[in-house]
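What follows are structure tokens for two forms of the same protein chain, given separately as structure 1 and structure 2.
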Structure 1
């Protein structure tokens, strides 16, 4: 167990033991007592940890909160590393720690290195995260870039917290959008061969389709001219989809994302799973017919409205195939939990999908949908207007090529998914402390520079067993160690709350504390005992910062 968790456990155990002693003296049933909870006070001058257990338990014990708080304090058993216990306000109990416990943290980092921060809270629970899942009808856009960064980092966080995680991309290679894609390709193909043809008004007008058809003609000639329109569209569509999917894979790999599974929507039709799920819902009385269409009774399970499963023309809807897809995840592949990252425009779909899971006998609590808000691109102080259909958008690959994957991934994980985001291109390429990713990476590079300079004069990071760590006694040193100590807890909170953005904030906070240490504390040239201790401290900081950046999928450069 990490030192930080052991100390928290010791405090909670001490509170519990104190309450049990008071309960025995007052005749209170100890099983009625609430479990003590700890929080970190916003104002750290109050202490390192606080509990409101005296207020939540006062009625049970028939005492005023402050009176009960004093009793808890007086009965609290001696616990190592607790420097003082104070009562504040209406009955808060504040615990101040003897900060020398932080020396153990450096020993843990030294022993575990890149494994520092690994947890077992997941107990190998099987989780699937599906994210990006862009239509393969054109290049991926800014929203896909944000969803990719959030999903990939969340997967890494969950894996580090002890879950079994699979990353999945759902390829929408069936349905209405793909039909429009085929019609648009046909128009571009015919235009390039000198024939009159118009891209459908609701089709895809981007120049990428022109380039695709130029490539197709170069490789395959004019053979499609002799085909019927339906046959031509099918051939062109299948060829273009494979090209686009391959480009998606390459673009995502350049972005640092590697999927475990690429799942095709079309396979659900080929395997009969779409029809099977529709029949199951019908059989169990969860559907009705209206206007020639088959509807799912989503409102019976608390959704806002019912939804169509099969259109009047007999063709299943995207909703039907999506139900089959989620049934496949839970039933066929046996995931304990499924996490989907969708655009905010799919908010209405969430309740209906959860309703469908309940209708299939799958607990809707096993499905979590993270809704991601829109992204706006800012260049030169102006916001760019973009449309995928019109073809005037900045793609994911454009963004990665322009500013680098590290900046894109880091910046897109600066805020929670449910907040709107402005991606500032000018900030992303700035080499200054204003740029968050540069600031965090520069801290790592600066530590590497100190260690290189030390090595050049024959001074290396010593074995921690040979170091007197009590030489680390300045506030900036304790503050830095305290932040290093909190890394495992940050991983745990990010995993439990599904908040990957906590890791970017952690990296920036750690960088800030290191820069403060660097300003105040010299390493090379200090008295030998101090120098050795500080070498261990900055080496530990380098390891943890690199660890955090690795979870974010961001590089930890040694030079900048």
Structure 2
């Protein structure tokens, strides 16, 4: 157990023991007592930890909060590292620690190296996280970039917290969108070969289709001219989908995202799973027919409205294949839990998908959908809704090329998924050199620089067993160690609350504390004992910072 958890447990156990003793003396039923909660006071001069338990249970004990607090204090079994206990304000009990407990943390970091911060709260539960899943009909946009950054870091966080995690990209290579894509490609193909053709009104009007067809003609010539329109669309479409998927893989790799599985919607039709799931729902009475279409009774499971599974023309809807897809995740592949990251424009879909899971006998709690508010792009002082079909967009690739992988990933992970995001491309480029990611990376490079300088005069980071850690006794040093100590806690919170953005805040805070330390304390040239202790401290800081940056998928450079 990490020392930070151990010390918190010691305090809680102490409070509990104290309360039980008071309960026994006053005849209060111990089962009615609340579990004591600890919090970190905003103003640290109050102490390291505080509890409000005297306030929350003052009624139960029939005593005034401050009076009860005094009793808890006087019955508290003093344990190691607790320096003082004080009652304050309306009845807070503040615990001050003897901060030398923090030396243990340096030992933990040195023993565990890159495993520091690893937890077992996941208990090897199988989690699948599906994100981006952009239509393969064109390049990825800013919304995909945001979803990618959030999904990829969340996956890393969950893995660190002890879950078995798979990253998956769902390729929508079936259905209406793809038909439109084929028709649009055909029009561009014919235009390039001098024929009169128009991209359908609701087709894809982006220039990228023209480029694709130029490339196709270069490689494959004009052979499609002699085909029927249906055949031609199919050939062009399949060719273009392959191209686009390859491109997406490359773009995502350049963005630092590697998927375990690329799953094709079309495979669900080929395997018969779409029909099978429709039949299963029918058989169990969860469907009805209306106007020639097959409807799923989503309202029976609490959704706001029913939805169509099979259109009157006999073709299943996207909803039907998506149910089959999720059934595949849970039943065929046996994931305990599935996390989907969707754009907020799919919000209406969530209730119906959960309803469908319930109808299939899969607990809807096993499916978590993180709705990500859309990214709005500011261009020329105005907001424009980006559209693949209209072709007016900044792509993920543009962004990564202009601002850099690290800065983009960091930027998108500084905000929670449900905040709206107004993105000013010009500002992003202009301010890229002031991006917070560089602040954190600079701290890492600075430490490396000190270690290099030390090494050049024959001083290496000593074995921690040979170091008198009590040379570390300044406030800035304790503050820094405290931040290092809280890393496992931060990983746990980020994993449990599905909030990967905590990691960017952590990296920033750690960097700030290091920079403060740097300004106040020298390492090289200090008396030997102090120098050795500080070398261990900055080396530990370097390890944890690199650890956090690696979870974020951004680099930890030795030089900048």
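Remember, predicted model here, so these are calculated numbers, not experimental data. Positions refer to the first chain, counted from 1. If you superpose the two forms and keep the largest set of C-alpha atoms that fall within 1.5 Å, you have the rigid core.
Which of the two shown is the form predicted in complex with the RNA
Pick structure 2; the other is not the form predicted in complex with the RNA.
Rigid core superposition, residue 535 Cα moves 2 angstroms or more between structure 1 and structure 2:
No, the C-alpha position differs by under 2 Å between structure 1 and structure 2.
Please check if residue 545 moves between structure 1 and structure 2, taking a CA shift of 2 Å or more relative to the superposed core as movement.
No; that C-alpha moves by less than 2 Å between structure 1 and structure 2.
If I superpose the two forms on their rigid core, does the C-alpha of residue 61 end up displaced by 2 Å or more between structure 1 and structure 2?
Yes, the C-alpha moves 2 Å or more.
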